[in-house]
Structures are given as structure tokens and as C-alpha cells.
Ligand code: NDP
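Before any questions on how it binds or moves, here is one chain, the form predicted on its own, in C-alpha cells.
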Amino acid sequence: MSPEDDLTQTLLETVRERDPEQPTFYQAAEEVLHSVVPFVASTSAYRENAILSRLLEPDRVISFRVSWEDDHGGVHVNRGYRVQWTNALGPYKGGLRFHPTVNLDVLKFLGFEQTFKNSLTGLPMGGAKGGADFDPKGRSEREIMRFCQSFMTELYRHMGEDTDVPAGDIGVGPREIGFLFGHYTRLANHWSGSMTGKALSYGGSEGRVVATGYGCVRFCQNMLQHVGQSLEGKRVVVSGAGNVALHAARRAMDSGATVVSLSDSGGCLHAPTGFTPEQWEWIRALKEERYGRLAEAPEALSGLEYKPGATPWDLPCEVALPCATQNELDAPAARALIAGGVKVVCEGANMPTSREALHLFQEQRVTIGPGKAANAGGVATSGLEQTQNSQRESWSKERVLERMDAIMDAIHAKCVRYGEDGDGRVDYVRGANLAGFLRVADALLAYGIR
């Protein structure tokens, strides 16, 4: 066994022994370690100061009870979390997720990934993630408001514009951000840019809603341009139907691609000849304004088919944009995509590709744009929202998206710099991990042992 393999195994064994019940975090740690250990092994300062061991542990984990009352007087108890990974580069920054699957394993994986993603943007942001095992689906607005207010009653003690700046994620959209931030200002007795993803009427940023999806497609365009291609004329499958998926689909359509799918937990919405702008707008309103299900779309729009229980991965395509959730792309899905002609997978979600699927794609020379790079447009725009709040300014949508595109272009350049092989191919996974790691590692070195 080489010294690099020995160090990797030692670190992974430590993770497994400390947290044997956290396979998702282990998966994220394994991916990063395989990329950065060869570099660390050759750099004495990183080894001697145990930089990797320190990065594998969050600064702190906050867990708390969230008690709330439903519309019928019933009392419910959920568990809330905030995982503050590192503030080496700036205030802790990362979203809040409300979903029944939320647990410490998922949030540690997300906080670890967020650390490298935020580093890649070049902005002064540390890494964090939080949320609760609460499901907003099926709940009234009053119930969601009461839950958000109870959740914030504890969280506000641990956040602030120079301490920790949460945002939205799955299950936490503009409605939830409004309830959360409104209660924060009441408890803290001041207004500050302590949350991002806010509505424009109270300090939000133009372009934030579309940023993650737009940024994903921008990164995909950069990947294609690097090999002399473009999105125009390509067949694209998209998973998910939230902000990321919807706006990734729209920017791909506007770039000349044929987008043939969206999906939700119930199944896949298939557009054999591609969604039209009119169909897309109807679906956007369905999801963002009426909180409906994709199964309703074929009843109102001709030329669409909803396939219950299906995913987009069986559809022939050249580009896949997984924009739903972690590990949605497993080995059978990867084989189906490869058989269908996929050439590029650009991750709009956080780690949507399983370890087995990643290996299959790499074996078949399918180019992978990892989420920590490809979906950084959202947090980049959140960072720009923080800047606007601090300066008491409001920028135009054009200015925000121009800055976001520039950040995505710079991230792509970093991935190429650290991921390009001798034959000119780019391993974007290795490039993103190494580029994100170096900035955090150098900051930790500068601070000494802490």
C-alpha cells in the first residue's frame, strides 16, 4: 500500500469509527480524500498540522427540539439542527432543509460539501448546513409559520451577519424564508443580512431564485466549450422540479437545447419533442405559486406524458442535469444513461451521483461536473446578497447574474487548472475538490492550531 493509500484509509477508518451510522457523510469524505490526499502527502505543512483530520470534524453541531401546534391544537415535536463546519474563510454559510429525511448524517455531508463549494466561489464564506425533519407538504401556511417561528426561536442564538448566515434548501423556499427571517428580526430586535434568499421587498437579491439552475447550466456550457462543443441542439434530461431544476431547464432551453424531462417524487414528466417556453411557464407557476404536482401537467398541456414511479434516466440524451437530491443517480441509472448516449453529467443537486455510478461514468469517459462546483451559483449569489445588504444597496438582475456567471467561469478555470490530465482531459471531481481544499487549508495553516 502506498503512503497516500495508507493515509486515506487511516482517515476513513477514523470517520467510520467515530460515526458508523453516517454513510452519506462517509461517502462525501471518501470522494474528497481520494482527490486531495496525494497532494497533502507531498506537502509537509498540511501533514504536520493535521489539516485533513481537522477538516473532517465540524466546528460544532447544534441539535434542538422544535415544538409546534397544528391547526387542530395537536402538539408536534421535530428535531432541528445546525452544523457549523468551519468559519476559516468567513461567516458560516449554508442552507436550511426541511424534509423527513433530514438527520445528522445528511447535514454533515451537506455542510462538508458546502465548505468546499463556498471556497470555490472565492467569496468570504465559511461552510454550514442545517434544517429539521419537518415536512411542509400537506401543512397549512399557518402550521408552516408556527413551525418556522419555533425553529427560529432556537436558531437565532447561533446566527448573525458576521457569525452564520442561513439560506433556503429543499423544503425551505421564499415562504419559509419569510417566516424564518420575520421571526429572527423580532427576536434579535434588529434587521441585518443574517439570512439570504429573502424576497426583494425586504432585502433579497435580484436573480437569486434562478441562480443555482442558471449557474449549473453556465458550468455545463463551460465544460462543453472546453472541448469545442455547445449546448445548442443537444438533448437534455433534468431531474427535479424545484427552483434548481426549473431554472436549469429554462436556461438550457434558452441556449438551444431540447429539454425533455422534469421529475418529482411521484414520477417523471416527459416532453418527447422538448418543453416549449409556454409549457415551462405553466409548470413554473404550478410549482412555485400553486405548490402543485407534475402529474397535473398533462391534463392542462398537450404533448406531455407523466410516468408514475419513473425517473428521467431511461430517456436518451447527451446531457444529464440531476437537480433533485443526493444519490438519486445510482448504478442502474448510470448504466441506463450510458446506454442512452449521455456524454456530460452536470450536477445541480448536492452529490446526486452515487459512488458506484460515479465509477461507471468515469470508466465510460462520461464527463462529470460535481455539485460543489456546478451548483455553486446559488451560494455565490447569496454571497452577493450579503454584500448588497452590508452596503444597503440593491443591484439589478443583470448585474447580479453577470457577477454570478463570472464566478462560475472562474470556478471552471480552477477545476481545469487542478484537474487536467496529461492527455488534456479534465477530471472535474478532482479539480473541484483540490481547488476548494487549498483555500481552506491555507487559511487554517495561517491561523495556527485551533
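Residue numbers run from 1 along the displayed sequence. The structure presented is a predicted model; accordingly, all values stated were derived computationally and were not measured.
Not pictured, yet referred to below: the form predicted together with the named molecule.
With the named molecule omitted here, the record of contacts in the model of the complex names 319-327 of 359-367, 215-223, 71-79, 319-327, defined by a heavy atom within 4.5 Å. In the model of the complex, no heavy atom of Ser205 sits within 4.5 Å of the named molecule. The closest non-hydrogen atom of His158 lies beyond 4.5 Å of the named molecule in the model of the complex. Within this chain, Ser265 lines the site of the named molecule in the model of the complex, having a heavy atom no more than 4.5 Å away. Contact between Gln84 and the named molecule in the model of the complex is not found at the 4.5 Å heavy atom cutoff. Proximity to the named molecule in the model of the complex, taken as a non-hydrogen atom within 4.5 angstroms, holds for one residue of Ala241, Cys346, Ala334, Val236, which is Ala241.
Of the candidates Thr258, Ser150, Ser194, Asn350, Asn350 is the one whose heavy atoms come within 4.5 Å of the named molecule in the model of the complex; the others do not. Shown here without its partner, the chain carries Asp162, Lys198 and Asn389, none of which come within 4.5 Å of the named molecule in the model of the complex through any heavy atom. Taking a 4.5 Å heavy atom cutoff to the named molecule in the model of the complex, none of the residues in 425-449 make contact.
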